[in-house]
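The chain below stands alone, shown as structure tokens; this is the form predicted alone.
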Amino acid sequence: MDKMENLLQVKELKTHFMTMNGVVPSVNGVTFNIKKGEKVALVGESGSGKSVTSLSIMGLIEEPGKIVNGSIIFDERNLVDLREKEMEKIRGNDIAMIFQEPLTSLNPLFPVGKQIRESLLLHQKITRKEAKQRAIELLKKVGIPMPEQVYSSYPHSLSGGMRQRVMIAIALSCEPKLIIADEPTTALDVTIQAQILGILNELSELENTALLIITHDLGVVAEIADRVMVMYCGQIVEEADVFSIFDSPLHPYTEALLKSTPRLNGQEKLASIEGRVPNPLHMPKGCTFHTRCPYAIEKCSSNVPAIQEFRPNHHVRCWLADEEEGGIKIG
């Protein structure tokens, strides 16, 4: 992959939490790239390390958490080495984040328009009048009706979908090169979900903004992503374009996620993933998924598989893919 095409390069990232009971390896050797304008989904169950990965990129890991290894190269700068004041110039300006619950991210004491305006004043050299006009334009851009009226509204007076639109407007305010959206459609009904995804997709296409979507919902993935990374126990276990992931997954965990996704026809029995996610303080030896995997062979419980390119641009971390030509087939 040409380095010049990459906007973000994460290499061997390890983010650990030092607890009284031991070290929790929330992110344990993650490597991936995101190109300019690319839409990438990071998928996995709760506790797989998705959100910690995004917070590591944003420089928002707090004690007892710490990045203990790896690099995060953004526009040829290693974010891991930057001081907080330097990260503040990048955060919100070049990289913006949309958090899962906008009501906890928005300040309840200020109108939403003022919060967009302050974001603009912080990063751009414009007047308050210009910032207000730009904020109203952004509210209109994300599909909010009567933006002049909403500008003066407080977060609690808006619906969940409207608040999420405001969060997108704040994220877009400084025309970032990368937007990280952490579960952007959680707790929204399906109609509003489709609208939010449509807004993100359209804005990415128009502005050539790269998107990193953090989600457990494969419906979101199918709707918006160009490429998918599947995460389990702090590691990426499979990475491919969205069509390959849905049509011919290679990792048993990816297969299990797909089988546990409801189908529109409602005829197939909804499967569940057997067992539980391992205790992060006591990870199993070998492949971390082998305790839940119906295909596990002897070396899965003793040897750690490396991630490898099994097909062109299709990477997998699984001994089975090495054993079986063609990988795992759904059905």
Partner chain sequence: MKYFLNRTAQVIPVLLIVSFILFFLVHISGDPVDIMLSENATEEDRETLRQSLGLDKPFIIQYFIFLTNMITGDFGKSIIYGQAALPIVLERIPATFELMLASIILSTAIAIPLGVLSAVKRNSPIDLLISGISILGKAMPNFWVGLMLILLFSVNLKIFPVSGTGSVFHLVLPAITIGSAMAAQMTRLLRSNMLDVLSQDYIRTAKSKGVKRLSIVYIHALRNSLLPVITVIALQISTLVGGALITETIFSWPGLGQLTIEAINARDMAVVQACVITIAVFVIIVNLIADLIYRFVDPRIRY
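Remember, predicted model here, so these are calculated numbers, not experimental data. Residue numbers count along the first chain shown, from 1.
What comes next is about the form predicted together with its partner chain, which is not displayed.
Although the partner is absent from this view, I57 stays clear of its partner chain in the predicted complex, with no non-hydrogen atom inside 4.5 angstroms.
Residue contact with its partner chain in the predicted complex: H156 places a heavy atom within 4.5 Å of it. At a distance threshold of 4.5 angstroms between non-hydrogen atoms, M167 is in contact with its partner chain in the predicted complex. In the predicted complex, M97 approaches its partner chain with a heavy atom inside 4.5 Å. Contact with its partner chain, judged by heavy atoms within 4.5 Å in the predicted complex, is confined among 126-134, 70-78, 206-214, 84-92 to 84-92.
For the candidate set M231, I179, L106, L139, a heavy atom within 4.5 Å of its partner chain in the predicted complex is found for exactly one residue, namely L106.
Residues Q115, E118, S119, L122, H123 are the members of 115-141 with a non-hydrogen atom no more than 4.5 angstroms from its partner chain in the predicted complex.
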